[in-house]
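Before any questions on binding or motion, here is one chain by itself as structure tokens, the form predicted on its own.
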């Protein structure tokens, strides 16, 4: 999705729309499962005004939140821009005043000191509240009924980091949330603050650590005992930022690193493991058994983002931007600071993977993601030339059997991230639905696809009469988790 968006920013399906909309009752083909009562919320971005510099990253586009509300076999839709300080400042000026991605030295003087986050990466629900996230700032609270922006949230002053990850994790046994902020004390700082936030939204534990070098720490993994912190090769410092460069450059001479520490400690046991060049962006899940920690993750071979340049000046290599389902094993009882890596499936995948979230930190056997199935047809005459094979399929991986099954979305479709919805009343892992949006490149509209998560048969589709803003991440929450019945009655 990111590569297509970059290449076709001003044309076709992914051109900016500057559009907010609402549909009370969406068109549906097939059926909507009667037990789906909740919301599928997506966060992504588009430039409301053109970027100030042509080489700016698409990750710097203005945040946009959209919601599909499922209830009584019907679906409604809403979409709005997140009213960040950046968005409001640009709207007042009538142009984009902010420069390169996460580099305030390239901003206009008029917005010096204005928080430049776009809050465009992921939604989060915790303690009955909805937020949008971007890892360069605090969460921004959103009204879950109207999608109006409320403002920054620091957990009643308990959150001391200046930043908050785009990928918090939850312990399904306690309901506690675990999250962190990197560059926690300011731009290019090597501080990482790690927190446990209880199920009521109160900060309950803090750990402060430092990293060997300042890199993207986009995601992390959690076990019942440990925190796993992966990063690799993306690099920044104040010198390159003051020189007017984009925040991240890829330096393949740096080691890939994965830190492991106890989640209930003080950080003194933090241990760094080192390995070969990898791009660590997202994870599936992890477990601790005695001194052995295992991590399941869809890591890439090298620099995934073409808009973050290689520091040695070499051209971006798309052959290195391939991800696979991989298992990493760490022996905490050994003095060896390396890991073992197993590639569990041959198929290259998109690294936006999901599990049945009720099994986070626990043993699991099922994982889901999207991939480009090049054995399937693609109607380029109707859909246009995307420049690469479209991401057209969902994959279900049975880790115990080593079996992969797939669902094909259509010959003019490009899929975005998949999400898992548990079937009400079932505790069986992977029993539920897969949902996600598909871009119909021929009809120029967005469709929400609903698929049985076990057999991968299509159940239904929700059609929007327009192309909705593309997402980075999306998740499902049951109505009870947001208290929607009461909040909607009060609206």
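Numbering follows the first chain given and starts at 1. What you are looking at is a predicted structure, and each value in this text was computed from that prediction instead of being measured.
The form predicted in complex with another copy of the chain is left out here; the points below concern that form.
Contact with another copy of the chain in the predicted bound form, defined as a heavy atom within 4.5 Å, is made by none of 152, 167 and 459. Interface residue remark: residue 87 is counted as part of the site for another copy of the chain in the predicted bound form, having a heavy atom within 4.5 Å.
Under a 4.5 angstroms non-hydrogen atom cutoff, another copy of the chain in the predicted bound form has residue 26 among its neighbouring residues. Proximity of residue 48 to another copy of the chain in the predicted bound form falls within the 4.5 Å heavy atom cutoff. Taking non-hydrogen atoms only, residue 113 never approaches another copy of the chain to within 4.5 angstroms in the predicted bound form.
Of the candidates 74, 403, 242, 274, 74 is the one whose heavy atoms come within 4.5 Å of another copy of the chain in the predicted bound form; the others do not. In summary, among the residues 204, 238, 389, 93, the only one with a non-hydrogen atom within 4.5 Å of another copy of the chain in the predicted bound form is 93. Look at 460-468, 53-61, 423-431, 33-41: in the predicted bound form, residues with non-hydrogen atoms within 4.5 angstroms of another copy of the chain sit in 460-468.
Along 12-33, these residues reach a heavy atom to within 4.5 Å of another copy of the chain in the predicted bound form: 17, 18, 19, 20, 21, 22, 23, 24, 25, 26, 27.
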